[in-house]
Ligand code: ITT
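Before any questions on how it binds or moves, here is one chain, the form predicted alone, in C-alpha coordinates.
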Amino acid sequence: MRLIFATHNKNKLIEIRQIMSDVASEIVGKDELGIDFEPEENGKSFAENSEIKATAIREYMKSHHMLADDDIIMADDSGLCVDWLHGGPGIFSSRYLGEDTSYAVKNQHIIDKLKYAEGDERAAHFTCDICAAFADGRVFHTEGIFPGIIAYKPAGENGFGYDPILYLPEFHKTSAELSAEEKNSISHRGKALREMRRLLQHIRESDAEISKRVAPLEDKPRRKRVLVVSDSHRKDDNLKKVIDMVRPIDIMIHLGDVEGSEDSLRQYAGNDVSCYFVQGNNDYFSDLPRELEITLGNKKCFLTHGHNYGVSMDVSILADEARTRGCDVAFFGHTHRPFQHEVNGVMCVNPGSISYPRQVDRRPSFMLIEILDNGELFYSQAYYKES
(Lines give C-alpha, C1' and ligand atoms only; values in the text may rest on other atoms or scores of the structure.)
Protein backbone atom coordinates (compact mmCIF):
# COMPACT_ATOMS: atom_id res chain seq x y z
CA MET A 1 0.00 0.00 0.00
CA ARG A 2 1.40 3.37 -1.09
CA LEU A 3 0.15 6.64 0.42
CA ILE A 4 0.38 9.79 -1.70
CA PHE A 5 -0.27 12.94 0.33
CA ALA A 6 -1.38 16.09 -1.49
CA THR A 7 0.88 18.57 0.28
CA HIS A 8 3.95 20.72 -0.31
CA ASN A 9 4.68 20.93 3.41
CA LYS A 10 7.76 18.84 4.27
CA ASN A 11 7.12 19.13 8.02
CA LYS A 12 3.64 17.76 7.50
CA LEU A 13 5.10 14.80 5.59
CA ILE A 14 7.48 14.09 8.46
CA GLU A 15 4.52 13.90 10.87
CA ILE A 16 2.56 11.72 8.45
CA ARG A 17 5.47 9.31 8.05
CA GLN A 18 5.93 9.08 11.81
CA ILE A 19 2.29 8.17 12.40
CA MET A 20 1.39 6.16 9.28
CA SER A 21 4.61 4.23 8.58
CA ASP A 22 3.27 0.87 9.75
CA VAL A 23 0.21 0.91 7.46
CA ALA A 24 1.99 1.77 4.20
CA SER A 25 4.97 0.45 2.29
CA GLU A 26 5.74 3.95 1.02
CA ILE A 27 4.60 7.48 1.88
CA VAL A 28 5.31 10.24 -0.62
CA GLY A 29 4.22 13.79 -1.28
CA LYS A 30 2.69 14.54 -4.65
CA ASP A 31 5.63 16.81 -5.47
CA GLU A 32 7.95 13.81 -5.16
CA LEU A 33 5.99 12.19 -7.99
CA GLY A 34 6.30 15.29 -10.13
CA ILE A 35 2.62 16.27 -9.73
CA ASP A 36 2.18 20.04 -9.79
CA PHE A 37 -1.58 19.96 -10.37
CA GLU A 38 -3.50 22.08 -7.82
CA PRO A 39 -7.26 21.41 -7.63
CA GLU A 40 -9.53 24.36 -6.87
CA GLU A 41 -10.81 24.14 -3.29
CA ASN A 42 -14.39 25.34 -3.76
CA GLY A 43 -16.10 23.14 -1.17
CA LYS A 44 -18.37 24.36 1.61
CA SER A 45 -16.72 22.39 4.42
CA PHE A 46 -13.33 21.05 5.46
CA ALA A 47 -14.47 17.56 4.40
CA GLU A 48 -15.57 18.73 0.96
CA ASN A 49 -12.27 20.52 0.36
CA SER A 50 -10.11 17.60 1.47
CA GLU A 51 -12.14 15.24 -0.72
CA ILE A 52 -11.90 17.59 -3.71
CA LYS A 53 -8.10 17.56 -3.40
CA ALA A 54 -7.72 13.82 -2.81
CA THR A 55 -10.10 12.67 -5.56
CA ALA A 56 -8.77 15.21 -8.08
CA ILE A 57 -5.21 14.01 -7.54
CA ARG A 58 -6.42 10.42 -7.84
CA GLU A 59 -8.10 11.17 -11.18
CA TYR A 60 -4.99 13.06 -12.35
CA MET A 61 -2.80 10.05 -11.53
CA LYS A 62 -5.27 7.71 -13.18
CA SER A 63 -5.38 9.74 -16.39
CA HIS A 64 -1.56 9.90 -16.47
CA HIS A 65 -1.17 6.13 -15.84
CA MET A 66 0.51 6.76 -12.48
CA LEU A 67 -2.08 5.05 -10.27
CA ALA A 68 -1.44 1.60 -8.84
CA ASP A 69 -4.27 -0.63 -7.64
CA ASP A 70 -3.35 -0.30 -3.97
CA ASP A 71 -2.57 3.43 -3.99
CA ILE A 72 -4.33 5.71 -1.51
CA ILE A 73 -4.32 9.45 -2.09
CA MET A 74 -4.72 11.53 1.05
CA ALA A 75 -5.38 15.23 1.52
CA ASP A 76 -6.29 17.41 4.45
CA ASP A 77 -8.05 20.70 5.01
CA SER A 78 -7.87 22.58 8.27
CA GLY A 79 -8.57 25.93 9.84
CA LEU A 80 -9.50 27.95 12.89
CA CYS A 81 -13.14 28.08 13.98
CA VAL A 82 -14.09 30.81 16.47
CA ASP A 83 -17.47 30.60 18.22
CA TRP A 84 -17.78 34.40 18.55
CA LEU A 85 -17.31 34.67 14.76
CA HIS A 86 -19.98 32.00 14.10
CA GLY A 87 -17.37 29.42 13.18
CA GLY A 88 -15.21 31.76 11.12
CA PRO A 89 -12.76 32.04 9.57
CA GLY A 90 -13.25 28.26 9.15
CA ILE A 91 -12.61 26.99 5.63
CA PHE A 92 -11.48 30.49 4.66
CA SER A 93 -8.69 30.52 7.28
CA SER A 94 -5.84 30.79 4.78
CA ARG A 95 -7.73 33.37 2.73
CA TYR A 96 -9.02 35.41 5.67
CA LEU A 97 -8.46 39.13 4.98
CA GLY A 98 -6.66 38.05 1.81
CA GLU A 99 -4.10 35.32 1.12
CA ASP A 100 -1.25 37.87 1.08
CA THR A 101 -2.19 39.33 4.45
CA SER A 102 0.26 38.36 7.20
CA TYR A 103 -0.91 36.16 10.05
CA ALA A 104 0.21 38.82 12.49
CA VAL A 105 -2.45 41.08 11.00
CA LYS A 106 -5.04 38.29 10.85
CA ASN A 107 -4.41 37.27 14.44
CA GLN A 108 -4.68 40.81 15.77
CA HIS A 109 -7.86 41.33 13.75
CA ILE A 110 -9.49 38.31 15.41
CA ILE A 111 -8.38 39.47 18.88
CA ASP A 112 -9.87 42.89 18.16
CA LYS A 113 -13.12 41.30 17.02
CA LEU A 114 -13.40 39.52 20.38
CA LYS A 115 -12.72 42.56 22.56
CA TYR A 116 -16.14 42.22 24.24
CA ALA A 117 -16.01 38.39 24.53
CA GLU A 118 -15.26 36.86 27.91
CA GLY A 119 -14.77 33.33 29.24
CA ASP A 120 -16.47 30.63 27.18
CA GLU A 121 -17.47 33.23 24.61
CA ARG A 122 -13.84 33.12 23.45
CA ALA A 123 -14.04 29.38 22.69
CA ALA A 124 -12.34 28.32 19.47
CA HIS A 125 -10.76 25.26 17.93
CA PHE A 126 -8.62 24.07 15.08
CA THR A 127 -10.29 21.47 12.85
CA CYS A 128 -8.56 19.09 10.47
CA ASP A 129 -10.37 16.76 8.07
CA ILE A 130 -8.31 14.12 6.29
CA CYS A 131 -9.68 12.34 3.22
CA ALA A 132 -8.33 9.04 1.92
CA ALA A 133 -9.27 8.34 -1.70
CA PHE A 134 -8.63 4.71 -2.65
CA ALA A 135 -7.64 3.76 -6.18
CA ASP A 136 -10.76 1.56 -6.35
CA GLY A 137 -13.07 4.56 -5.81
CA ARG A 138 -13.73 4.34 -2.09
CA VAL A 139 -13.45 7.50 0.00
CA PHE A 140 -13.02 7.77 3.78
CA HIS A 141 -12.70 10.70 6.17
CA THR A 142 -11.37 11.28 9.66
CA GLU A 143 -11.47 14.48 11.69
CA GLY A 144 -9.47 15.92 14.54
CA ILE A 145 -10.36 18.84 16.84
CA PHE A 146 -7.87 20.94 18.83
CA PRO A 147 -9.93 23.04 21.31
CA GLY A 148 -8.94 26.16 23.18
CA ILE A 149 -9.87 29.81 23.57
CA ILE A 150 -8.74 32.96 21.78
CA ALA A 151 -5.92 34.61 23.71
CA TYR A 152 -5.97 38.29 24.62
CA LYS A 153 -2.64 38.73 22.88
CA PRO A 154 -0.44 36.56 20.62
CA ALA A 155 2.28 34.49 22.27
CA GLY A 156 4.84 31.91 21.20
CA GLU A 157 7.26 31.32 18.35
CA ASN A 158 6.99 27.57 17.74
CA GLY A 159 3.86 27.53 15.62
CA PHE A 160 2.61 29.24 12.52
CA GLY A 161 -0.65 30.68 11.26
CA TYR A 162 -3.14 31.11 14.07
CA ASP A 163 -1.12 29.12 16.64
CA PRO A 164 -0.10 32.21 18.64
CA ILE A 165 -3.71 33.11 19.48
CA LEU A 166 -5.19 29.71 20.39
CA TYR A 167 -4.71 29.49 24.15
CA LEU A 168 -4.87 26.08 25.85
CA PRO A 169 -6.03 26.51 29.47
CA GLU A 170 -4.87 23.05 30.56
CA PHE A 171 -1.31 23.84 29.43
CA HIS A 172 -1.38 27.55 30.32
CA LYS A 173 0.17 28.14 26.88
CA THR A 174 -0.84 29.01 23.35
CA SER A 175 -0.42 26.45 20.63
CA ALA A 176 2.67 28.36 19.48
CA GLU A 177 4.26 27.94 22.93
CA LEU A 178 4.04 24.15 22.85
CA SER A 179 7.02 22.05 21.88
CA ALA A 180 6.73 20.13 18.60
CA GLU A 181 6.32 16.88 20.56
CA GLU A 182 3.57 18.33 22.75
CA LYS A 183 1.69 19.75 19.79
CA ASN A 184 1.90 16.61 17.66
CA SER A 185 0.47 14.52 20.50
CA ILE A 186 -2.68 16.63 20.86
CA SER A 187 -3.07 18.60 17.63
CA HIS A 188 -6.05 18.38 15.31
CA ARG A 189 -3.91 16.94 12.51
CA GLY A 190 -2.23 14.43 14.81
CA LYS A 191 -5.63 13.24 16.05
CA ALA A 192 -7.01 12.94 12.51
CA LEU A 193 -3.90 11.07 11.33
CA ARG A 194 -4.00 8.60 14.22
CA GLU A 195 -7.69 7.97 13.57
CA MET A 196 -6.92 7.49 9.85
CA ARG A 197 -4.17 5.04 10.77
CA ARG A 198 -6.65 3.04 12.85
CA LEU A 199 -9.22 3.22 10.04
CA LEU A 200 -6.79 2.02 7.36
CA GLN A 201 -5.76 -0.91 9.54
CA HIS A 202 -9.42 -1.81 9.99
CA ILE A 203 -10.12 -1.51 6.25
CA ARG A 204 -7.15 -3.71 5.41
CA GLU A 205 -8.37 -6.38 7.82
CA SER A 206 -11.96 -5.99 6.61
CA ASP A 207 -10.94 -6.30 2.95
CA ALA A 208 -9.12 -9.54 3.76
CA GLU A 209 -12.24 -10.84 5.49
CA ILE A 210 -14.48 -9.79 2.61
CA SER A 211 -12.38 -11.71 0.10
CA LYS A 212 -12.97 -14.82 2.20
CA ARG A 213 -16.66 -14.24 2.90
CA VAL A 214 -18.09 -13.29 -0.50
CA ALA A 215 -17.81 -16.95 -1.46
CA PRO A 216 -19.47 -19.54 0.83
CA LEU A 217 -17.15 -21.20 3.33
CA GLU A 218 -17.18 -24.92 2.58
CA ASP A 219 -15.29 -26.03 5.67
CA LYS A 220 -17.66 -24.41 8.21
CA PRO A 221 -21.40 -24.55 8.87
CA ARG A 222 -22.97 -21.91 6.65
CA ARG A 223 -24.24 -18.76 8.32
CA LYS A 224 -27.30 -16.90 7.12
CA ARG A 225 -26.42 -14.50 4.32
CA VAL A 226 -28.31 -11.36 3.32
CA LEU A 227 -27.99 -9.64 -0.06
CA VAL A 228 -28.85 -5.92 0.09
CA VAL A 229 -29.31 -3.97 -3.15
CA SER A 230 -30.98 -0.80 -4.34
CA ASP A 231 -31.82 1.35 -7.35
CA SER A 232 -31.81 -1.30 -10.07
CA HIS A 233 -34.32 0.74 -12.14
CA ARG A 234 -35.49 -2.33 -14.07
CA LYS A 235 -31.99 -2.93 -15.41
CA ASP A 236 -31.82 -6.36 -13.81
CA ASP A 237 -28.94 -8.14 -15.54
CA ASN A 238 -26.34 -7.01 -13.01
CA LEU A 239 -28.54 -7.97 -10.08
CA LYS A 240 -29.25 -11.44 -11.45
CA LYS A 241 -25.54 -12.02 -12.03
CA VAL A 242 -24.80 -10.90 -8.46
CA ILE A 243 -27.44 -13.27 -7.11
CA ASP A 244 -25.76 -16.12 -8.98
CA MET A 245 -22.33 -14.97 -7.79
CA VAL A 246 -23.15 -14.88 -4.07
CA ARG A 247 -25.53 -17.85 -3.81
CA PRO A 248 -26.57 -19.35 -1.47
CA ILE A 249 -28.41 -16.46 0.19
CA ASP A 250 -31.26 -16.62 2.69
CA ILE A 251 -32.62 -13.07 2.45
CA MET A 252 -32.67 -10.43 -0.27
CA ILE A 253 -33.46 -6.79 0.52
CA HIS A 254 -34.18 -4.31 -2.25
CA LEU A 255 -34.33 -0.69 -1.07
CA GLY A 256 -36.41 0.82 -3.83
CA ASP A 257 -36.59 1.92 -7.46
CA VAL A 258 -37.09 -1.62 -8.68
CA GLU A 259 -39.63 -0.24 -11.20
CA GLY A 260 -41.91 -3.26 -11.49
CA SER A 261 -39.33 -6.06 -11.53
CA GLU A 262 -40.03 -7.32 -8.01
CA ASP A 263 -41.96 -10.44 -9.05
CA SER A 264 -39.36 -11.62 -11.55
CA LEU A 265 -36.56 -10.96 -9.06
CA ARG A 266 -38.37 -12.91 -6.34
CA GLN A 267 -38.70 -15.79 -8.76
CA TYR A 268 -35.06 -15.54 -9.80
CA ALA A 269 -33.85 -15.50 -6.19
CA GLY A 270 -35.78 -18.71 -5.50
CA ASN A 271 -38.53 -19.92 -3.21
CA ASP A 272 -36.12 -20.51 -0.34
CA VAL A 273 -35.04 -16.83 -0.26
CA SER A 274 -37.07 -14.36 1.80
CA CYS A 275 -37.39 -11.15 -0.23
CA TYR A 276 -38.17 -7.67 1.09
CA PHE A 277 -38.88 -4.75 -1.25
CA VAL A 278 -39.70 -1.16 -0.39
CA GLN A 279 -41.06 1.53 -2.66
CA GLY A 280 -38.70 4.07 -4.20
CA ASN A 281 -39.45 7.51 -5.61
CA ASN A 282 -39.51 6.03 -9.14
CA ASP A 283 -41.81 3.12 -8.26
CA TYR A 284 -44.89 4.85 -9.61
CA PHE A 285 -48.28 3.19 -8.94
CA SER A 286 -46.50 0.50 -6.91
CA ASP A 287 -48.22 -1.25 -4.03
CA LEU A 288 -44.90 -2.02 -2.37
CA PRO A 289 -44.63 -0.80 1.23
CA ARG A 290 -42.90 2.55 1.68
CA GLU A 291 -41.10 1.29 4.79
CA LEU A 292 -40.51 -1.98 6.61
CA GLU A 293 -39.13 -3.07 9.95
CA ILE A 294 -37.48 -6.49 10.09
CA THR A 295 -35.10 -8.34 12.38
CA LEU A 296 -31.72 -9.64 11.24
CA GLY A 297 -29.89 -11.59 13.93
CA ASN A 298 -30.24 -9.52 17.08
CA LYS A 299 -30.69 -6.24 15.18
CA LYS A 300 -33.98 -4.51 14.49
CA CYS A 301 -33.69 -2.94 11.04
CA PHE A 302 -35.55 -0.08 9.36
CA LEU A 303 -35.87 -0.39 5.56
CA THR A 304 -36.73 2.64 3.42
CA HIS A 305 -35.69 4.18 0.12
CA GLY A 306 -34.69 7.35 1.95
CA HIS A 307 -35.96 10.13 -0.30
CA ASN A 308 -38.54 11.15 2.30
CA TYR A 309 -35.75 11.68 4.85
CA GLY A 310 -33.44 13.93 2.84
CA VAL A 311 -30.65 11.35 2.62
CA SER A 312 -29.07 13.07 -0.36
CA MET A 313 -28.05 15.89 1.98
CA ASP A 314 -27.77 14.28 5.42
CA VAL A 315 -28.71 10.95 7.01
CA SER A 316 -29.30 12.31 10.51
CA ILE A 317 -33.08 12.62 10.02
CA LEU A 318 -33.20 9.00 8.86
CA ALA A 319 -31.09 7.90 11.82
CA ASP A 320 -33.37 9.76 14.25
CA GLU A 321 -36.45 8.12 12.71
CA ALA A 322 -34.89 4.67 13.01
CA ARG A 323 -33.89 5.32 16.61
CA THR A 324 -37.43 6.52 17.44
CA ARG A 325 -38.69 3.17 16.12
CA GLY A 326 -36.22 1.31 18.32
CA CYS A 327 -34.15 0.18 15.34
CA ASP A 328 -30.43 -0.50 15.45
CA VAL A 329 -29.84 -0.31 11.69
CA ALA A 330 -31.29 1.90 8.94
CA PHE A 331 -31.01 0.59 5.38
CA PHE A 332 -31.61 3.10 2.59
CA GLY A 333 -30.93 3.74 -1.10
CA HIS A 334 -31.74 6.69 -3.39
CA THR A 335 -28.29 8.31 -3.52
CA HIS A 336 -26.75 5.57 -5.71
CA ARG A 337 -23.62 5.81 -3.54
CA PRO A 338 -22.36 3.23 -1.02
CA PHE A 339 -22.44 4.44 2.58
CA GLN A 340 -21.92 2.81 5.96
CA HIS A 341 -21.55 4.90 9.09
CA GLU A 342 -22.98 5.01 12.60
CA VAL A 343 -25.04 8.16 13.04
CA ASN A 344 -26.65 9.09 16.36
CA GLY A 345 -26.30 5.52 17.57
CA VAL A 346 -27.83 3.94 14.42
CA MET A 347 -25.83 2.08 11.79
CA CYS A 348 -26.88 3.68 8.48
CA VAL A 349 -26.22 1.51 5.43
CA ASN A 350 -26.63 2.21 1.72
CA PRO A 351 -25.46 -0.53 -0.68
CA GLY A 352 -25.23 1.92 -3.59
CA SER A 353 -26.80 1.21 -6.96
CA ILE A 354 -26.43 -2.12 -8.70
CA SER A 355 -27.31 -0.55 -12.07
CA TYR A 356 -26.61 3.19 -12.11
CA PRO A 357 -23.80 3.98 -9.63
CA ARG A 358 -22.93 7.61 -8.97
CA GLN A 359 -19.78 7.42 -6.85
CA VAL A 360 -16.54 8.55 -8.46
CA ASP A 361 -15.49 5.17 -9.88
CA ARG A 362 -19.04 4.33 -11.12
CA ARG A 363 -18.83 0.67 -10.07
CA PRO A 364 -22.15 -1.15 -9.51
CA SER A 365 -22.29 -2.01 -5.84
CA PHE A 366 -24.15 -4.15 -3.32
CA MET A 367 -23.92 -5.18 0.31
CA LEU A 368 -23.51 -8.74 1.54
CA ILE A 369 -24.24 -9.39 5.20
CA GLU A 370 -23.53 -12.45 7.30
CA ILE A 371 -25.52 -13.05 10.48
CA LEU A 372 -22.91 -14.26 12.95
CA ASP A 373 -23.48 -16.90 15.57
CA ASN A 374 -23.86 -14.26 18.30
CA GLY A 375 -26.53 -12.41 16.29
CA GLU A 376 -24.23 -9.58 15.21
CA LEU A 377 -24.07 -8.50 11.57
CA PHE A 378 -20.91 -8.62 9.47
CA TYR A 379 -21.16 -6.09 6.62
CA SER A 380 -19.25 -6.56 3.37
CA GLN A 381 -19.45 -3.73 0.85
CA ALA A 382 -18.95 -5.37 -2.52
CA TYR A 383 -18.81 -4.39 -6.17
CA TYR A 384 -19.82 -6.01 -9.44
CA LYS A 385 -17.45 -5.77 -12.38
CA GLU A 386 -19.45 -5.42 -15.55
CA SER A 387 -18.08 -7.45 -18.42
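If you're wondering where the values come from, they're calculated on a predicted model, not measured in any experiment. We number the residues from 1 along the sequence you see.
The discussion below concerns the form predicted in complex with the named molecule, not included here.
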For this session: Identify which of 78, 238, 279, 142 has a heavy atom within 4.5 Å of the named molecule in the model of the complex; exactly one of them does.
Result: 78
Seminar exercise, completed: Students should find that, of 309, 302, 126, 167, the residue having a non-hydrogen atom no more than 4.5 angstroms from the named molecule in the model of the complex is 126
Exercise. Only one of 269 to 277, 131 to 139, 78 to 86, 247 to 255 gets a heavy atom within 4.5 Å of the named molecule in the model of the complex; which is it?
Worked result: 78 to 86
Exercise. Does the named molecule get within 4.5 angstroms of any non-hydrogen atom of residue 183 in the model of the complex?
Worked result: yes
For this session: Determine whether any heavy atom of residue 94 comes within 4.5 Å of a heavy atom of the named molecule in the model of the complex, and answer yes or no.
Result: yes
Problem set entry | Non-hydrogen atom contact residue 163 with the named molecule in the model of the complex at 4.5 angstroms | yes
Exercise. Is there a non-hydrogen atom of residue 171 within 4.5 angstroms of a non-hydrogen atom of the named molecule in the model of the complex?
Worked result: no
For this session: Please state whether every one of the three residues 17, 197 and 202 places a non-hydrogen atom within 4.5 angstroms of the named molecule in the model of the complex.
Result: no
For this session: Go through 3 to 34 residue by residue and record those having a heavy atom within 4.5 Å of the named molecule in the model of the complex; state none if no residue qualifies.
Result: 6, 7, 8, 9, 12
